[in-house]
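Heads up, what comes next is one protein chain in two forms, each shown on its own as structure tokens, labelled structure 1 and structure 2.
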Structure 1
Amino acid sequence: MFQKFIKLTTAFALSTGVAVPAYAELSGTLRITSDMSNPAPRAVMEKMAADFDAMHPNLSVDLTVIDREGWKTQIRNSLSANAPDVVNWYAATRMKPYVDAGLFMDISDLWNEPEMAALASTKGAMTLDGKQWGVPYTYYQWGVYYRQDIFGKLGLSEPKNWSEELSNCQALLDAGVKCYSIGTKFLWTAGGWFDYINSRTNGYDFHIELATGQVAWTDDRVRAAFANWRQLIDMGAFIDDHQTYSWQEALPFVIDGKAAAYLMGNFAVAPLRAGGLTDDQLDFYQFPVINSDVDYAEDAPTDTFHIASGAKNVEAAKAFLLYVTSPDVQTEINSGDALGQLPVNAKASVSDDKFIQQGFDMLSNNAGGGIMQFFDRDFPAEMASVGMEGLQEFMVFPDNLDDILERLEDARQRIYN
């Protein structure tokens, strides 16, 4: 599980000339613990560490790579005794236990550096108690992937608001096509639908307040979100028996034209293409506005770096965080032959894949409401589990809403207190 290389030599090619003037004379040892253990991410992490080492002749970078699932159970102990300087983790609520325990360092000063303005879309996701506790290095967009050829035949345009969404959906149903495919067998896909309808109804701040236990599930604003969702359910917008399908098993409905769209992460593009859809048939749009008083918030699960509160080489750790968030590095590590995801830095470049381009533009320029981390990351694990069960049940039995909300409220009072 543990693999280590002690001293990274300057024999590695330095791929970027990123300079960090404020930390030019780094020395000592920089200890990094990473959970980027799968082959492609591991290669990315090793190269970043090697390149940063090569930039600073008097600094030794000591990298430990731990299996991602293993790291979830080990991170607290690792941060508590002889902590490394820098660690991988996740944004928003997932970092809260380590912030509350005093194990992550407040790096608000770093976020005041001018270059960090290019990361503004994720600042909210890195903020707790008005302070910033880490930096993002990669994310990916969610949105509506749809059959533009079917839309074209029916004379439909991408919906910009809820009225247009419902009108499009009715036209599709009248033509014998379901509006959306979804597979809720493993629950989390229903969480994506709630994220979007709740945030479009009530806004990002409310979404986070609910996720952090500050709002009752029986609140009228929560009910308003479910009422909007029910409009689609009552129309018959979703494929039948979706609770029996995984997200992959629901893909053929879109491929075969039995459903026109799929609310999903960008990872759905590859299997849709593999199923035979061309980019002339498949397109993408941002989930439409429901309440014009709230700005767009987007699901974009974000992976992060943090400085341990027990870090011994804080200067080098801050320099490394500036390095990994710089445009050139974010461009390189998120390229198609590396992580294959989106750079967070708005000044970075992305591949010419149209969905990557559209997602980057959306998250960089049209996500002013904030970046959500997805239901099962924004909510504590136990609440997420109970919550997603309720969301799936609502999609199948919407008349059960009162009972579902009472159960979720009981769980909230138990879990957060």
Structure 2
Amino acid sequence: MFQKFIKLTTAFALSTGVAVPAYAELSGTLRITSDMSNPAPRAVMEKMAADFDAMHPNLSVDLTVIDREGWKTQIRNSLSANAPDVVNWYAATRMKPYVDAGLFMDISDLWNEPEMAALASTKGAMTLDGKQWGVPYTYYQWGVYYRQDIFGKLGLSEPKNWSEELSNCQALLDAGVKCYSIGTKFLWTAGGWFDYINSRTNGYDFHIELATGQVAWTDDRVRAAFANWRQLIDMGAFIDDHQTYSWQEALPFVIDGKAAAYLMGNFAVAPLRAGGLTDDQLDFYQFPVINSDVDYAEDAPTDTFHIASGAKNVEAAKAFLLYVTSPDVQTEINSGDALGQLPVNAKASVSDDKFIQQGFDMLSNNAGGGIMQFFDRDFPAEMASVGMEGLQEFMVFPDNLDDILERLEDARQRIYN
């Protein structure tokens, strides 16, 4: 009863404080198509929809949840014919095809609302052509998740720079443990490695120039990054036969102690814990410095909400976007027992989970170089797909590098003109 009272008052406060001034009385139907189909995100999305529905008596929220992988291909049909009002998608260049085709609504006016000031740090990732095309609702850090107990047993500490990294790795290999687990069957995991190696070698700005097609793939700086990567590959740092595993299938190597670390997004923590690793065994460190002249840049992919340009209930859609990004909702949906990720609103509070705290600290205080969205979101779709295939091939046959780079360069010249 008491809880219900609280909920009602928050709902009231929200609806008066946020929605009422700009959007007096919402009515009709708000149609949301979401890709939050995994169990925990689905529960979050369903609760948000139900709460928003309850806040607005004259509005009914119609939620459709589509399989997350399936949505990546279905979104174009969904947006072109009989579009819903609100959809999920990803930040940065990944929005471009839909922005260019005029399928996402320009919501720059929404970003001018005073409440949105608390989201300033994510504004860049939502901006294309000087306008904003959606709002973020969650993001998460990437980094190295490693077996603290194995490191402890061998007397190793978290590496801070590349030479420590290499000597750590050699010590692990001498002890019969692979340094890194990875599963590249679906390619994108190799993209994460390239993001880090390239941005640590050449810096964030160079990485983004490469992503936007301003630098040739055959450039010597790109080769330098690959040469650094190759040091690890030639040592045998990565598990064997990784091209046959998905990222999930590569998890048991870490759980069984056959590999000591895993470069991954924070979403890997849940399955690693479920696999039996305790917080005493599992820890996190920031990817080490390679070139001390460049600042840390971090992968922190942002998931987003957008309004379709064919939306029928724009008023309600905008109110929903404000609702999703409001501090209370941000705190709630990103908490440890919900999404377990980082809130996008600076006024929201961060979960006290060990990994979320470390990630938050890293991204707020130690990512001066910039925030990358991830290989397949920063690079245009076609470049990303050709690129990741090349990266996988490089990890298996590093000798093919010249051929791979030529192929990527060929693709770059076609794609960006």
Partner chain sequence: MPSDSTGSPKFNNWYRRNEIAITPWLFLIPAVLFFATYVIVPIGQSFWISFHMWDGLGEKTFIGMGNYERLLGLGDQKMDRKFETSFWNNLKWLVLYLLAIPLGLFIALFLNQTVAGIRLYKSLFFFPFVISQVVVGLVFSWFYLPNDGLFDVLMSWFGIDIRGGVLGNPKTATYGIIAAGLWPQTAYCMILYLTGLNSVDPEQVEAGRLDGAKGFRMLWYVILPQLRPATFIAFVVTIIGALRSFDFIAVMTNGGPFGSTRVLSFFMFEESLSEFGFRMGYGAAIAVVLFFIMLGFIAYFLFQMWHDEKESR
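Please note that residue numbering is based on structure 1, beginning with 1 at the start of its sequence. Not measured: the values here are computed from a predicted model. Take the two forms, superpose them, and find the largest set of C-alpha atoms that agree within 1.5 Å; that set is the rigid core.
- Each structure shows the same chain on its own, and structure 2 is the form predicted together with its partner chain.
- A rotation of 27° separates the smaller rigid part from the larger between structure 1 and structure 2 once C-alpha atoms are superposed.
- After superposition on the rigid core, the Cα atom of Q330 is displaced by 4.2 Å between structure 1 and structure 2.
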